[in-house]
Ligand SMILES: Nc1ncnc2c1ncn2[C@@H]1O[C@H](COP(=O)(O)OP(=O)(O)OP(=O)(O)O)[C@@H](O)[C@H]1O
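We begin with a single chain expressed as structure tokens, specifically the form predicted on its own.
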């Protein structure tokens, strides 16, 4: 196992800043994901860690040893590439053995290690098969086994599941996590897939425009985002403009109604805030009920079936003149078995349960209307 430290990593390509002041420590045996949109700098940071690129400033340290100036083949790291990069003229066993040969390990030791990897990754029955004869999942396991065979200090995974279909991807990401835990390898995973990052990582690094937006456990990143970018990028999120009514009381105000919201105590009285509420946290109000806190009233415009849940996109208020892609849609998830109660066109009242929402600061340049804004993959 290894402790990896990235200190002040900055990288430019001409006038473009690809990575800016990147600081991160990855603990022994930890799996950390770099998550963000295309062009955010996550792959460049991984390549700098691997030694395929060199930073303009900053340092890479493994177990207290500065390896910033070392070439890739002297860093003791393993890498699984996006396209696997298996040698097409070599069998699965030969691909796994390749790194051991390069390191000039004795023949008997190589054969023993390859046999261990074939058994560990369930590839013994295809050991003599060439990459073209392997399924996508088998190719991925072969690439993983090749990277692990050399007993790397750090394992780097560059979108390793992008080449397989959704069902296989779900199975393989679980397999990657199982193997990583079993072997105790320190690992970095680069991905743009939120489900992938949230499901198998110890921590997630959310990146935007070359910088770290925030770092946290999957549950923290999803349930307690600290920035508007993270809130909008991870899953679907409802955003409402509010005013901090009482810092000491942890109260915010929207449309004349005051209610508690996590995070209000961190912002000054009278300041603007952005109230964040996940669709699954909102609750349709039953007839005759008296909810505590704000109630959103509107009309259902669209239903989206998501399996056990159905997402309702609700136009808040009575203004129906703006586009469906405008700024007055609220997303609420309801059990699919009950979704028939709110067909498109039906009126609905939605409650924001006490403490189900989180408020963050809004920069002056980001001020919006007091309408709801739905962001994320299901709400854009």
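Residue numbers count along the first chain shown, from 1. Note that the structure is a prediction, hence the values are computed from the model and not measured.
FYI, the form predicted in complex with the ligand isn't displayed, but the following is about it.
Of the heavy atoms in residue 9, none are within 4.5 Å of the ligand in the model of the complex. Heavy atoms of residue 226 never reach within 4.5 Å of the ligand in the model of the complex, leaving it off the interface. For the chain shown alone, residue 39 is a contact residue for the ligand in the model of the complex, at least one non-hydrogen atom being within 4.5 angstroms.
The ligand in the model of the complex is not approached by residue 357, whose heavy atoms all lie more than 4.5 angstroms from it. In summary, the region of this chain contacting the ligand in the model of the complex, judged by heavy atoms within 4.5 Å and restricted to 31 to 39, 328 to 336, 65 to 73, 346 to 354, corresponds to 31 to 39. With the partner omitted here, the residue from 173, 192, 110, 299 that has a non-hydrogen atom within 4.5 angstroms of the ligand in the model of the complex is 192. Residue-level contacts in the model of the complex: of 159, 253, 94, 214, one residue has a heavy atom within 4.5 Å of the ligand, and it is 159. With contact defined as any non-hydrogen atom lying within 4.5 angstroms of the ligand in the model of the complex, the contacting residues in 5 to 31 are 13, 16, 18, given in sequence order.
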